[in-house]
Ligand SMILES: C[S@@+](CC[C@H](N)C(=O)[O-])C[C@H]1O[C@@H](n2cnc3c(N)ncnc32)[C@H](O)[C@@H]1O
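There is one chain below, alone, in structure tokens, taken in the form predicted alone.
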């Protein structure tokens, strides 16, 4: 339990994850009925990019730093606007000092009738997150292993919602755990929208992970992946992916616009790549 997201806040993986999360929330809000967002690995909620930890890695410079307040093609700009507006609202004097984690971003996009349930196991991070939302009756912050929340907190009483599963991948077997967690959670809340994050790096079992997800036979499962550099000469993060279960019907088309832009803007070498495809659903590719 050593992972601290402050070292990575605002990096290229956050840009993809938070841009998609914002789209899911905006879509959910099109209906008047309340919804809940369950964030299983919430972190501290708000990150100071001027802190010693963030400055040590500077990952945000090649992430949100390449996008905020820059020229963006109109179609991609419209897709990114909810996410980028939230970031700007946290920095009213301009520049980029504060960056929202997923619970803060969620809370900024919610309506009065919507609710947030955020889980964080790291004791120090839980205390920080709890202080951030202290007195906010729309948010429930719990010190809990997020994997347990997939059973104990589903289905939400609103019967509508988004489940964000963003584990730190600190230990072996996390891809298997993610597939198993989705299997259990989907049985409890088959009408929910699930958004699962996973890393792309040298040696990761992505084909096996995708096959395990396909074997769950969940009807609609969309995948989005963004790699900003080759994984051949590094053991670090070279890209990241999202699995979206029960995605909005507009999301595939939005990803087809957004991902090429993010690849071109965030690439770190000529091997950058991006793709959006159906693992199960409308256009499932043939397996090799």
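What you see is a predicted model, and the numbers here were worked out from it, not measured in a lab. Positions refer to the first chain, counted from 1.
Missing here is the form predicted together with the named molecule; even so, the following discussion is about that form.
- The listed set 216, 144, 200, 72 contains one residue whose heavy atoms approach the named molecule in the model of the complex to within 4.5 Å, identified as 144.
- Of the residues given (206, 121, 98, 212), 121 alone sits with a heavy atom within 4.5 Å of the named molecule in the model of the complex.
- Not displayed here, the named molecule is approached by residue 102 to within 4.5 Å at the level of heavy atoms in the model of the complex.
- Looking at residue 125, you'd find a heavy atom of it within 4.5 angstroms of the named molecule in the model of the complex.
- Within 4.5 Å of any heavy atom of the named molecule in the model of the complex lies no heavy atom of residue 114.
- The named molecule is not drawn, but in the model of the complex it has no heavy atom within 4.5 Å of residue 238.
- Stretch 42-50 is the contacting one of 42-50, 55-63, 240-248, 217-225, since its residues have non-hydrogen atoms within 4.5 Å of the named molecule in the model of the complex.
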